[in-house]
Ligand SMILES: Nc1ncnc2c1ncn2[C@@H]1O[C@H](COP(=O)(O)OP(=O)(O)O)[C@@H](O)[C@H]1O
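Just one chain is shown here, as structure tokens, and it is the form predicted alone.
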Amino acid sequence: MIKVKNVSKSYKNKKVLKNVSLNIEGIYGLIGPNGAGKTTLMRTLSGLISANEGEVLIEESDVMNSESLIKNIRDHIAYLPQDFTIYPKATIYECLNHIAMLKGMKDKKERMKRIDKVLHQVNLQDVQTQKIHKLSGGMRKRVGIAQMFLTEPSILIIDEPTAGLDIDERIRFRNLLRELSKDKTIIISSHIVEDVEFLCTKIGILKNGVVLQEGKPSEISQFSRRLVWEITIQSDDLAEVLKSHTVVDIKQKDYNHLDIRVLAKNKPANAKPLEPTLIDGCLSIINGWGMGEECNGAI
């Protein structure tokens, strides 16, 4: 369990995080619109930047309420930014070897042994002589995971883990994260709700630096109960529906008709109710709808 307690962060006169408190465990997903503060929070948790206020507790030990303690947690926490493009002209092995030396691994034999182990962990041992700039997006993500494992981190922090990946790479990378999560805490930020739904055991929703809600995916989805509807329209009426409703999904019913999934406080004409999903719940919370007053502000 990682306890984030009243963490705030400001840049100049702008407060990016505002008294953020979370209880992080398992595979934890951070969701929110652009500018919500997700990346700033992840960089704070990873020790790359310090918070102005608040603290982070790991297993009941205060590790981040002062800058002097950040160095002590870097061997336990590993961070992978959204776009990992370090040393583009180096080979995979050269890249990992250099990072390992920067991490303080001075013994060459031990360093080679560790690099070989992480290459096998992420299934890159057969392509270790390829240069970084020639790799696919999925393979670059794997190099990023490999460099995280050069130490023995117990917490992995990954920003937009499947952004820019094709469908096959996304599935492979999601499966890799599930495999890695057996003995680690993983924190991810993603705009792709399917990834969060597949991976995460718990979710925190941020907006404008404030925590709106936290809970299991099944709990989050229930914030949109009695707000999700399906209406069938003629294809020519789609533009008007997009103007007047919060449209979540569109499916072609037949040549002339569409089935539209919408969020609405009041039942639209000729609509039928639907069971809520995670994306319905997230949208309801972000928009301030659902379950009475609970969604109208921070928890």
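No experiment lies behind these values; they were computed from the predicted model shown. Quick note: we count residues from 1 along the sequence shown, nothing fancier.
Below: the form predicted together with the named molecule, not depicted.
By the criterion of a heavy atom within 4.5 Å, residue 47 is excluded from the residues contacting the named molecule in the predicted complex. Interface membership of residue 37, defined by any non-hydrogen atom within 4.5 Å of the named molecule in the predicted complex, is confirmed. Interface residue remark: residue 273 is not counted as part of the site for the named molecule in the predicted complex, having no heavy atom within 4.5 Å. Shown alone here, residue 16 lies within 4.5 Å of the named molecule in the predicted complex, counting heavy atoms only.
The stretch among 226-234, 50-58, 28-36, 242-250 whose residues place heavy atoms within 4.5 Å of the named molecule in the predicted complex is 28-36.
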